[in-house]
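Next up is one chain by itself, shown in structure tokens, the form predicted on its own.
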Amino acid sequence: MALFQIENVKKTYGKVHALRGVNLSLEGNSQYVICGASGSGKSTLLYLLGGLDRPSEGRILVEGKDLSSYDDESLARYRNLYVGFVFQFHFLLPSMNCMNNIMLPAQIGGATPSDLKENVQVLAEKLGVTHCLKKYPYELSGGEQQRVNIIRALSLRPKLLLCDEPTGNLDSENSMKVTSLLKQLATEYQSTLVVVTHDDKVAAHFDNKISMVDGSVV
């Protein structure tokens, strides 16, 4: 059985049909890229997978369990413990240093701080941002901020790592570095990686490519 099963999923916002009956299977420990023009529905699909929104019709099964059957509290717990998010904008809180930004989701989820800090240090060394942990977000470059964002997403070893245009604010060199790091770390942590991008160079790094047009998979 696939880790994620998407069955005839539709999503409407008023008269706008963002998704028009999507059917997909995503295997565990696999890596996927979703491509498509702006408005094709790729980010909407990503948000539904992450439990940030609910489908208007259809089902999303995670290890056989239907996300639509979750109440708000269960869905929040799913997002916190099961999913890691990396967005185009890092959403680091300016009033906290980077270590505290990284620790915040885990503390909400009830993780043990000592175990988490050790994992954060290991990730920071791999991503070359150990020197950034005590700094505040505004003191970092865009590439450094995105690496801190990746550490936060991976700190709880999520089964699902969702990335929405993770290289959208980076130059070409840093885009390739971040893409390679995401793939490497997802493999090491045995996370299913799903990346949304409009960048053909980023998409070329993936064997499993999902193309979307007007809310449908093609």
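The first residue of the sequence shown is number 1, and the count goes up from there. Remember, it's a predicted structure, so these values are computed and weren't measured experimentally.
There is another form of this protein, the form predicted together with a small molecule, and it is not shown here; the text below is about that form.
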item: Position in contact with the small molecule when the complex is considered in the predicted bound form, options Val9, Val202, Val194, Ala18, heavy atoms within 4.5 Å; value: Ala18
item: Proximity to the small molecule in the predicted bound form, single hit among Ser155, Thr179, Ser40, Asn149 (heavy atom within 4.5 Å); value: Ser40
item: One stretch from 32-40, 183-191, 169-177, 58-66 that, in the predicted bound form, holds residues within 4.5 Å of the small molecule by heavy atom; value: 32-40
